[in-house]
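Given next, in structure tokens, is a single chain: the form predicted alone.
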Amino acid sequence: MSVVAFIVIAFMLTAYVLLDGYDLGVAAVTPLVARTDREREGSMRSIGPFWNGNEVWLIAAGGALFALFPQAYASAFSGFYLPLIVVLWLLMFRGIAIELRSHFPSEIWHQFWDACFFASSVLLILLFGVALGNLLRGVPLGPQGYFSGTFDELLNPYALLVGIFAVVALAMHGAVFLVLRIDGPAVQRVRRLVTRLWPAVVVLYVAVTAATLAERGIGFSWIDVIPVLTLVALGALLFFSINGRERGAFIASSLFLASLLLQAAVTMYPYLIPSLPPRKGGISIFDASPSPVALASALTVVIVGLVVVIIYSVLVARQMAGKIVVED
């Protein structure tokens, strides 16, 4: 059951990255493609029906981690407490920016909230990427399994590289989604941005993969097949973007991100929080789970809730599908 619980947590986090990832990505690319106030408003409207529902996946994943692996939850909060508080504030600023931007017609008011929308979203991506980089690299854990390092240790070169890669990759994901959602003069600029971000994503992906192999010392195994799928998805994304096949490009972008997270999950397995020396291994899914009865009960509740969230997400996506016309 511990393996099933690990897969459920990985699935929920992947869904969050794919869904809220395009929200964050839209915010990251808006200053690059939106030249007028109406175009910036159109970017926000493109994610308006989805962003708050997409964030449910993050909340659900946190609740599932607490229920299924309480020891890992406690250890994560002991080490990442300050970053998690920062993430909470950034999530609030992002939501406030979306909701308050249109309350007054003042151009200065709009520019202020546009800046908050952009900065909070980019910093969120960076922090999530740094957190993932530290989990892939390993964190210093004490004898009791709690974080024993300092905050500056989390900002190591490898984690920052993963964070930068996350910013560029989700910016491209957001641009692909924006092409799918808006119609108007900005669309061609967004298309050009996708093709310009694509080489940067490829270079950073290769750099992160090489750095991960150097950090973890992984030998050849079946996991080495996954990067091939990742590169195929990247190639399909560029092909669909160049040929104007918007839906195909978005699907390819989603598969690209999903393959990255699959690589991360397989690399970490069976550990939820890998540890740096001198502690060996880290907190595994078998050590962090509660009793079999408690795990089975929690897993049942989580899966039922997961089905409800999936149904809600599908219904919202179908109901709010279509393009938004953005005019000057």
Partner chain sequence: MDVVIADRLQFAFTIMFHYLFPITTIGLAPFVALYTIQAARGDADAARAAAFWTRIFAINFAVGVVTGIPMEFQFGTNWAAFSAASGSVIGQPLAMEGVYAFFLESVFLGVLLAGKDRVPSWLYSTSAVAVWFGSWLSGFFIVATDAWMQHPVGYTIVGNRIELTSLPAVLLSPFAWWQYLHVVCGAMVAGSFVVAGVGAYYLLSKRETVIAQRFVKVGVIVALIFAVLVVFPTGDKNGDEVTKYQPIKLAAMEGLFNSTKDAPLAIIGMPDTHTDDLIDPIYVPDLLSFLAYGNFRAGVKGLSAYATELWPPVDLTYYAYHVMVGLGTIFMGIATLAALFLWRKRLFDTPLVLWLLMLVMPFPYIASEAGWVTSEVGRQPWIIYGLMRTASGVSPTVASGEAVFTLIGFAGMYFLLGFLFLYLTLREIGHGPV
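Numbering follows the first chain given and starts at 1. None of these values were measured; they are calculated from a predicted model.
Unshown form predicted together with its partner chain; subsequent notes refer to it.
Of the stretches 182-190, 102-110, 201-209, 159-167, only 102-110 has residues with a heavy atom within 4.5 Å of its partner chain in the predicted bound form. Scanning 155, 92, 232, 119 against its partner chain in the predicted bound form with a 4.5 Å heavy atom cut-off leaves one residue, 92.
For the residues 63, 281, 270, 31, the 4.5 Å heavy atom test against its partner chain in the predicted bound form is passed only by 63. For the chain shown alone, residue 240 is not a contact residue for its partner chain in the predicted bound form, no non-hydrogen atom being within 4.5 angstroms. Although the partner is absent here, residue 254 sits far enough away that none of its heavy atoms falls within 4.5 Å of its partner chain in the predicted bound form. Using a 4.5 angstroms threshold between heavy atoms, residue 306 counts as touching its partner chain in the predicted bound form. At a distance threshold of 4.5 angstroms between non-hydrogen atoms, residue 302 is in contact with its partner chain in the predicted bound form.
Using a 4.5 Å cut-off to its partner chain in the predicted bound form, each of 53, 67 and 84 places a heavy atom inside that distance. Contacts between 64-79 and its partner chain, taken as any heavy atom within 4.5 Å in the predicted bound form, involve 64, 66, 67, 70, 71, 73, 74, 77, 78, 79.
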